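Take a look at this single chain in structure tokens; it is the form predicted alone.
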Amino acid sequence: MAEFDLVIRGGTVVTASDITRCDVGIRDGRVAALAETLTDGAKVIDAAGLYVLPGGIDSHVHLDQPTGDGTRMADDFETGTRAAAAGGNTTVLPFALQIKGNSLRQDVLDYHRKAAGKCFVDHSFHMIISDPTPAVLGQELPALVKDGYTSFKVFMTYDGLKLNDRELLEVFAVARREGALVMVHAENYDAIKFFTERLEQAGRTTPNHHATSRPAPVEREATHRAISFAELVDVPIMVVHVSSRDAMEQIRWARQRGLKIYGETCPQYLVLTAKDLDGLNMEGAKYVCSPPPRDEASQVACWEGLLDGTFQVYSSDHAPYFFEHGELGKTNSRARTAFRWVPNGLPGVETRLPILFSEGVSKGRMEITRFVELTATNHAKLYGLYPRKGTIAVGSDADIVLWDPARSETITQAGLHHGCDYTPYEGFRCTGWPVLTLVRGRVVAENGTVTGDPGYGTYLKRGLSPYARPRGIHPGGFAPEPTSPFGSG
């Protein structure tokens, strides 16, 4: 009987800290050995000339999420995780949205039902808190954090989702007491509404004016306000999908004050600009997301943030909507009357890794160890999955992607695996491509074909993140930090 179920031989193993030419032995779905030469494998994969990387973790994806406006997301858990696997991802963290008036726990259970039997890769859930009632804050949210849902998101904009300042403070206080990490969508709701109404009054209703309605100061103000509330309560927060230098400067300012403020950016802010929204015949609707892509100077700033540590993670913010699908798509009848009705979001879970590798590693902007850190390791550490996920180490899950640094591919809708009917990155040329994806030692995608089975992906109960610990005991009477931040994962 062979010592290992699988041996990956002859590749270059890369983690967030090391680059090593060695073989990887896998047993019972976990990494069992790393050695110069391993020969006793029931199966062998030749990885000569390839990088052996930890599988990507995309910690910001939206799947099968209700919209409230009659549209429908283009990806459920089957198509979304299928695309994730093809793109070199082995874990995704979608959101479980609380619908106003609903029980938070019941909505979380509904997402489990949506995901059951459909996932090609492993998954866990962040919560979205839209209705922080006394019952949610006092009972449901603390209990769910203890049950392994150790992160949640709040919105400062969008009808039906935004929290007012008092509600944000109340939610932050619960996060501090329970040791959860709060993700914040930072845009000023009233400013956006003000600009939107002025633009509509002036007849400026085409998709490109979506970007006009949400200028960088809208993001900057909300980021500063979220940071100020985090300072008042003494709780770490993650500012998600940062698009501009304005917001980045607020994060840097907070860090200089010793605050635990983390940041995330996404591919749309690295390779798209507001000019992409100018397309004729509603083509610009393909690029409508919030915050919007900005200008080339903002692209430069976001690259700086990836390299200098302003951003800890790089996620897709995969929020897929059909472009042309009757009343369900971005070109529905209401959307044709005004940009405010265009569904906000872009597909990107499958293209996230190739874009960053090509533009970052292949073009010499970043070291491959930083690529691993931004796309896998830091996600696992921040969201309570490390070291089970996010690295290649003895005892870790054998979540591995083999990467061909020389392979050149062009992103096309025809070559993707999501449920969406378009990609905003059509025609984008990439150097470097994932050629094989393993989840817990099993091949789920190879050379552009998804070979795994829906339902193989498992739910991950997460531990508390050490990065979510406050700085100390707050003089205002908030509870002290948790004594055991690591949890069972």
Ligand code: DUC
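Residue numbers run from 1 along the displayed sequence. These figures come from a predicted structure and were not determined experimentally.
Another form, the form predicted in complex with this ligand, is not on view; read the next lines as being about it.
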Location of this ligand contact in the predicted complex, chosen stretch of 38-46, 55-63, 433-441, 459-467 [non-hydrogen atom, 4.5 Å]: 55-63
Proximity of Arg105 to this ligand in the predicted complex, heavy atoms at 4.5 Å: no
Exercise: Tyr158 in contact with this ligand in the predicted complex, heavy atom 4.5 Å: yes
4.5 Å heavy atom contact, Thr205 to this ligand in the predicted complex: no
Any non-hydrogen atom of Ala319 within 4.5 angstroms of this ligand in the predicted complex: yes
Contact assignment for this ligand in the predicted complex, among Ser213, Asn188, Ser362, Asn344, heavy atom within 4.5 Å: Asn344
The unique member of Thr273, Gln312, Thr79, Ser290 whose heavy atoms fall within 4.5 Å of this ligand in the predicted complex: Ser290
